[in-house]
Structures are given as structure tokens and as C-alpha cells.
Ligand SMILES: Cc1cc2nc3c(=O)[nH]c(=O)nc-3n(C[C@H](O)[C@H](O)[C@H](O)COP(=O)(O)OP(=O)(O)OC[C@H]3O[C@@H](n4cnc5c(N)ncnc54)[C@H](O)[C@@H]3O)c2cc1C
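Only one chain is given next, in C-alpha cells, and it is the form predicted on its own.
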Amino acid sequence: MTRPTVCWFRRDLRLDDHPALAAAAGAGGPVLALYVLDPALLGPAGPPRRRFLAAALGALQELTGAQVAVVAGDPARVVPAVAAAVGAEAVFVTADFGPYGRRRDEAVAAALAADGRRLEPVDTPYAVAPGTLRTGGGTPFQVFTPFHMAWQAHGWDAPTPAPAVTWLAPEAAGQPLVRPTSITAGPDDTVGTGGTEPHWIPATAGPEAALDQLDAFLAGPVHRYKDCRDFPAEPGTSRLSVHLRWGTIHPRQILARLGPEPGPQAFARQLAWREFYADVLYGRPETARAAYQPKMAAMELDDGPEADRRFHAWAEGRTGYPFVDAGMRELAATGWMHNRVRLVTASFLVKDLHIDWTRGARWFMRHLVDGDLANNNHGWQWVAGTGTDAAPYFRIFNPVSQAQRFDPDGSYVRRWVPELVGVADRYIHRPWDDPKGMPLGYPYPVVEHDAERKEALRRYEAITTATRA
């Protein structure tokens, strides 16, 4: 009789297009489906990510007939113990390319090997695995455009259907089992103060919901994507980022359905950005926390009580700049923020308030339901001018002109900043200029943008001069 195998689910909470699961099932024996609640990952995750994870695991339980063993603990202990309990020689996983994931998998592989078992990485959460593409000189890409060209030329496999699996009962794991609903427990498990239903509620979790969301996107918004994706009041984005984050859908499943038209190809380009940042982090794991450009570590930053006061004004959506405040309130209320607004809010923290980008990146990772280390932190580095962009620091988003361009009638701002509902369109993004006076309860700007832009450029010039000296 063929021995059992273990399929260790991680950022691949689906059955379709799951090569690691197919490999486990293809070994011929029954499969123990395992999910490990790793305290190193669950601890820093905020309520939105915990709630979505619980819901996605619940959806996976439904698809498997409640055959997933959810176990809490250090994977280096749990995975070998489960493999021993079921008599598995191999544990199949989707490879992890993040700094922590690689260290964790090395520890798990060593523990399994010590017991005569093995860890079998199969496939990747990306269309093209990080570390695959190289420049003509054999080095990792540092610029997106040539990476994108190489990514397109390389291509990717077609998605595959779910395999036939004979499941082992979760009790065979020999470990205490955890109910997914318990993951959300905690005194800080609050939705926010926006008063609207968050888009990451359990009904939207799971692979079936992901495919439904893809269907809805392909039925209409994708064709307007190139022109509408930057307007936060428009239903112009896919809302698939959370499903890509948790692997309830694979990028192959999306790319296989994108046509050659401008809208679909503009969306494919955004998927390539996600893979570019994963590739950058794979090659330079220290850049999860440190500047990609070492010279930028010398940038003068603000700290102390006044910087803390301004940071909290930013985090609470009370900077006095309506577009920034709308974005931060959307984040608090829903666990998500429109990408254009992410750029503007990040720029405001770094270039207007002169606060370290890592502080903002941590805040986003804590509150975003789709928080992805590579995409989030290297997106912040792009805005902060510390990352891969060749001429980055001079890009300073003006929070007023950005709002006037991408929210011209103030629909987005009025949705999230109710104090400004009655302000005329002419003044919605500059309420301090309204002849009727500032609306009751809304703050005046914490800083003056033009002055802080000049200050940001002065600080950059200072380190540039020091580097040339």
C-alpha cells in the first residue's frame, strides 16, 4: 500500500491549479491536508488579515469536506510531528521565496531530514518564480521595464484543474486541532470606524469567491482598466489583490483569461509589478527593512514627540488634506486602500512629514488585508525614493493636485470624510479656501505642502552632496 503524504497549505488556499497538491496526490496514497498557524506570521497580522485567513480556511474546509488539519505552533516542530504521525515520507509545499519563509523552510527541511523524511517544494505563488529571470549580464533586474519584457518573453504554464485526492482525516495529524474561527480572537479585532461593510468579509473569501471576482472584473472593468484604474471613486480595479495574497487564486488563472486588448494588458502589467518586487526581495532580502539604495540610509528624518503627533494624525486620517485622510480612513474601515491613494498617502508621510518609510510600511502591513511584504515594502521604497527607481526622490505627490486629477468631483473624499459632505466641488480638496469657513470638526493642514516639498528636496540634496564629496 502506498504511504500517505502531507500537503502543507500556505499561501495557496485553493484546490484548482495547485501543483503541490497534485504532486502529493500523484504519489498514490492518501493525503493529509495541513495548515500551520505560525505565531511568527499570525502575531504581526492585524485583524483584517486574521479575519480573511479564518474565512479562507473555512472555505477550504468546505471544498475538502472538512479535511484540513489546522494546527498551531512552530512549523519546524509541527510539520515533522505530523509527517511522523501519518507515516509520510514526503511533505509537499508551494515554495516560499520571502526572507522568513526561506529560513522557516530550511529549518523544516532539516528537521524532516533528521527523521528520514523530506520537504518537497513544488511550484510558486507567482507566474514566474523569483530568481528565474536575469539580465544579459546574469544579474537580477533592478529596473521594472526590462524585467517586464523578460517576464512576458518567458511566459508561464497553463492553469491545471484540481486533482483527485483521497484525504486523510485531520485527526490523523496527531496534534491538537484549531477551529479557523478562533484565529480572529483578540482585543484588537475591530473592523474600524468607517461605518461600512468591509469588502473582506467572510463571504468574499475562498477560491470560489476569487473566481467570481475575476469573472466580474473581466465582464466589464478590465476593458476600462487602463483609463479608470487611478480613480478611486470608480469601480475600476480588480479587487483581486487579497486573493493573490492568500493564494485563493493563482496569477496563472488570471493571465490565462486576459486578452491582448489595452485594458487587459495594462492589468497584466500590474501583475508583473507584483512579481518584480518579489524578485527584488528574493535577490536582496535585507531590503524588506533597509533601503535598497544604501546612500538613502543617511536621509535626515524626523522623530520625537512632534513627529509622533503628525504620524498619528496621518494614521487617523486627520492631516487636513482630504485625499490623504480619505485613504487612511478607508484603510481603517475596510482593510484596503485604492492603489493611487496608497501612493499619495505614502508620499505624504515620507516627503511632507519626513517620517521613515519603514514606519508607514509597518502600519500598512498591520492594517491591510492584502498586506504582502515584497509588494508593500518595495512599493513604499518606490515612493520614498530609496528603492529600485533610477531617479526617484524628485517624485513628490502633491496631495491637492492628485486629488483634483483623480477625484475631480470629490466623490471619493465625501465617501470617507463625512465632515466635507456639504463642501462645494470647487473647495472639496482645499476646504481651507472655502469662504464659508472650514467645516466643523475637520482639521486644518498639519503642514504646508509647498514648504515641505522644498524641505524634502533640501534633505535629498544634502545626502547627494555628501555622497559626491
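Remember, it's a predicted structure, so these values are computed and weren't measured experimentally. One rule holds for the numbers: they count along the sequence shown, beginning at 1.
The next section is about a form of this same protein that is not shown, the form predicted together with the named molecule.
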Heavy atom distance at most 4.5 Å to the named molecule in the predicted complex, all of Leu271, Ala346 and Gly371: yes
Phe92: touches the named molecule in the predicted complex, heavy atom cutoff 4.5 angstroms: no
Asn339, heavy atom within 4.5 angstroms of the named molecule in the predicted complex: yes
The named molecule contact at Phe267 in the predicted complex, heavy atom, 4.5 Å: yes
The named molecule contact at Tyr277 in the predicted complex, heavy atom, 4.5 Å: yes
Listed range touching the named molecule, judged in the predicted complex by heavy atoms within 4.5 Å, from 298-306, 236-244, 280-288, 78-86: 236-244
Residue among Thr204, Thr388, Gln175, Asn375 with a heavy atom within 4.5 Å of the named molecule in the predicted complex: Asn375
Single option in Gly320, Gly379, Pro180, Gly98 placed near the named molecule in the predicted complex, where near means a heavy atom within 4.5 Å: Gly379
